[in-house]
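First comes one chain, alone, set out as structure tokens in the form predicted on its own.
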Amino acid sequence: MQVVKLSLKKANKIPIEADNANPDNFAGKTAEEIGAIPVWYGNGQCPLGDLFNVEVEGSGSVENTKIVFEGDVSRVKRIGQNMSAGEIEINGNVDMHCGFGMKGGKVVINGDADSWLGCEMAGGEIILNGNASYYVGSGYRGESCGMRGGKITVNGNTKDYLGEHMCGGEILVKGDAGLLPAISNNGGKIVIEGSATMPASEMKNGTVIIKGEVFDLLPSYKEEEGTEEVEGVTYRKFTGDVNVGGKGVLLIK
């Protein structure tokens, strides 16, 4: 087992893009080798070791590598981008695009996350023990498919556009989900335990379950006769969005 501990040498106002900070790039390397990996700092690159204290314990494969970020990294973007295995633990807040395009492994965030958490992820798991900003599990600007696989659990609230253009995978939100969750969905499953506003607009496929209050339910959803039971809970069942010929399922408690 290899454990890599990273902590900022000083708080940064200029953003750091740490897209190389993942187990795939750190596995089997020494502290000196990891410190030499380039990251973007503002509009230029510099060695990771110029910005972070680096400690390494043990050695291991990608699957057996864990990266621990200690302290606030709310100005550090793209942590865990494209990772395929291993684990990342962030003990503080994190900036945008955390877990972008990840294919496997696990990211645990003990704080809040900025926008685009798990953007276009294809596999693996993200657990956020705080609140998330906009576009969790969504597709990036201009993309027709967002999250394709894996699972995101948000143990707090999210802001608007949760799971936009989602094509697969699962998102669980323990709190509220803001405006237009599941907009333009093409697959996957979203469970919201709190409230949501105008859910599943233009959804073509997929399943959305809302256990809390729904504000401004779109008129383009058709309520089916009877009810549907999921894990012992009974829901009203709607299908749509009929405006786009959608066959998605929206379950409301």
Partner chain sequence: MSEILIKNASVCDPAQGINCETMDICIRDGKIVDSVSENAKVIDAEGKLTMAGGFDGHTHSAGKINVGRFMNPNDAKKNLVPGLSGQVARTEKTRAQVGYNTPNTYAIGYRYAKLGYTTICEAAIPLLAARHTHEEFKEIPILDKMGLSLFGSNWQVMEYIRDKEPEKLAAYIAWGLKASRGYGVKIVNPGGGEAWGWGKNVSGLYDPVPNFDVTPAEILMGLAEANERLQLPHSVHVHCNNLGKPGNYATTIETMKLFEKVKPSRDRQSLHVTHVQFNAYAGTSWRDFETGAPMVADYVNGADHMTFDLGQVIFGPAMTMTADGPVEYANARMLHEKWSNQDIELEDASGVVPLFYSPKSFVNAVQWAIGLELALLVKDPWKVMFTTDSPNGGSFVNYPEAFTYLMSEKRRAEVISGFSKMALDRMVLPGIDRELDFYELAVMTRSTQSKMYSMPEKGNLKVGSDADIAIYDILPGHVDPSTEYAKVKKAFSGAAYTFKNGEIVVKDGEIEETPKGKTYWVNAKVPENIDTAMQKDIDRKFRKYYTVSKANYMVEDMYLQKPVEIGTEGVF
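Residue numbers count along the first chain shown, from 1. All values reported here derive from a predicted model rather than from experimental measurement.
Not on display, but discussed next: the form predicted in complex with its partner chain.
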Using a 4.5 Å heavy atom cut-off, which stretch among 188 to 196, 38 to 46, 207 to 215, 51 to 59 contacts its partner chain in the predicted bound form?
38 to 46
Heavy atom to heavy atom, is Y134 within 4.5 Å of its partner chain in the predicted bound form?
no
Even though the partner isn't displayed, in the predicted bound form is D95 close enough to its partner chain, meaning a heavy atom within 4.5 Å?
no
Could you tell me if E164 has a non-hydrogen atom within 4.5 Å of its partner chain in the predicted bound form?
no
Within 173 to 196, which residues come within 4.5 Å of its partner chain in the predicted bound form, counting heavy atoms only?
none
